[in-house]
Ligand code: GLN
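Presented below, as structure tokens, is a lone chain in the form predicted alone.
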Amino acid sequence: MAKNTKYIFVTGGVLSSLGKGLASAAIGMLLESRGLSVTIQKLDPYINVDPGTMNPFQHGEVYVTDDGAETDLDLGHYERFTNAKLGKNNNFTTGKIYDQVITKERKGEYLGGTVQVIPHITDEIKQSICLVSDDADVVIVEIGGTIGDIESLPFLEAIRQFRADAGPSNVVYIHLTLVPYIKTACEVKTKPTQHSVKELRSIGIQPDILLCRTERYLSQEIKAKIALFCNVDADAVFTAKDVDCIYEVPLVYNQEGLGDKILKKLNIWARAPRLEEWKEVVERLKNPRFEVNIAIVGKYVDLTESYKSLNEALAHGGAANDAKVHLQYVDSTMLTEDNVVEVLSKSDGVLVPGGFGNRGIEGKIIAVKYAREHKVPFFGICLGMQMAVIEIARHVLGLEEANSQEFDPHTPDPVIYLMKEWYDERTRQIERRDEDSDKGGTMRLGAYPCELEPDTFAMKAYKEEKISERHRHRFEFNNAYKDRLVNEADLVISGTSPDHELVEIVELKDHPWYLGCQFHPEFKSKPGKPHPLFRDFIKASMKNARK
């Protein structure tokens, strides 16, 4: 481990979805506001090697980093709240840890010894933490799952050992727990927190700080009671109050004095927090002057966690235009030619997000057609861009059976297809793939360069000729149809790879704002620095609303 690096381990108890990811991100933001550099790591207890092949209904969004790692959605929170540059070493799962240990065993690196959870698995976990230790003054490590789950025990044992390895003054354990308010009794209950801490202490970890998730601020009497029964300092119990806007979380923590306590525990001297700009962002998000309605036409609309970064990027784009963005989730499987006008007529802009599989595809194409014909601002992301190309090929070029090979391998007009061979700008080598390749192996993942054309929506948004954006897709725009789409359907190819072989952005000229991009711009949007495409999409949608 790096010399002088400090470590914060964040665990959660009582129940899942308390907000450990947001808590970790908010702590990182507070430390950065004091001039410290941070990095944040997520250790997930599930056996999948990564979330790349997991159903969004179960796991939510798959967040992609610049280096092409498919990671947990909490890494999105980490990057939106802080300036940390995250990658593959910032997310480890049980599957990934065991895979690495088994690989070492097969290579004979354990010299014929019996491979066990302790010390081999726990040592591998500790080594994974050390991989990011050189990047920052403070490493924040979030442990997924809930205390008491059997899956997370190896991770908890590893971080228990870590304090002895790094030194007690270099490690802080923060436990996020629930203090529910019982309306019928008109009081908060501390027993769930007591039991959660008891469970944590039973495996050898005494929390240093407690973050109590609750509906209202805790009184000093309640905090003192929790401190007494959980064996923590009287000033180490903090209210993690519910907030209207997630970006308020660091402000609540700062008001409670959490940052000061962390610095004291880690023996760090740092400046006072500088939160003025962050407060301004929160104010813009909470009290905008205008409103705009955006329809998100997708197939994961029953679980909005599937579009976590997308939703946040839209909110950022709204804040840049002093507008509250109201989201209308439209199930594409239910959208038809007969009901599309009724469903989408109240929306000022239409967004078709990414996804995989053919369920709901025709509904998305119907939504794209509606936006094109009715001159409604349209934003297609990844699969949404491909839907735009298919829609134009069918209804403007007259290629009625145009499709993607993903949905119809035998389509006579594969305007979107599986490119069998292409030059990878990041690896600087020729990549090959086919239908039998592993799912992840056939995808273009991570940051790739893109060159923009002048006098386009893209150029007006970015205001620079060369950009870099993150990808997560398998199929590409088929260049065999480029000339016809450009010359006969007035499609504008406004962004391509530097060698011009990969189409990255398409537009329509005779439209208020119509843009489809092959990448995922939502992954690079921050509350204080909204992504330019989302900013301009919301701006165009607001103009449409005023008509």
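Residue numbers here begin at 1 and follow the sequence given. None of the values given here were measured: they were computed from a predicted structure.
The same protein has a further form, the form predicted in complex with the named molecule, not shown here; the description that follows concerns it.
For the chain shown alone, Glu406 is a contact residue for the named molecule in the predicted complex, at least one non-hydrogen atom being within 4.5 angstroms. A residue is said to contact a partner when one of its heavy atoms sits within 4.5 Å of a partner heavy atom; Gly354 meets this definition for the named molecule in the predicted complex. In the predicted complex, the named molecule sits within 4.5 Å of a heavy atom of His520. Though the partner is left out of this view, Thr177 does not reach within 4.5 Å of the named molecule in the predicted complex, counting heavy atoms only. In summary, among the residues Tyr448, Trp278, Phe238, Phe475, the only one with a non-hydrogen atom within 4.5 Å of the named molecule in the predicted complex is Phe475. For the candidate set Leu75, Ala295, Cys382, Cys212, a heavy atom within 4.5 Å of the named molecule in the predicted complex is found for exactly one residue, namely Cys382. Proximity to the named molecule in the predicted complex, taken as heavy atoms within 4.5 Å, picks out 467 to 475 from the listed stretches 308 to 316, 449 to 457, 118 to 126, 467 to 475.
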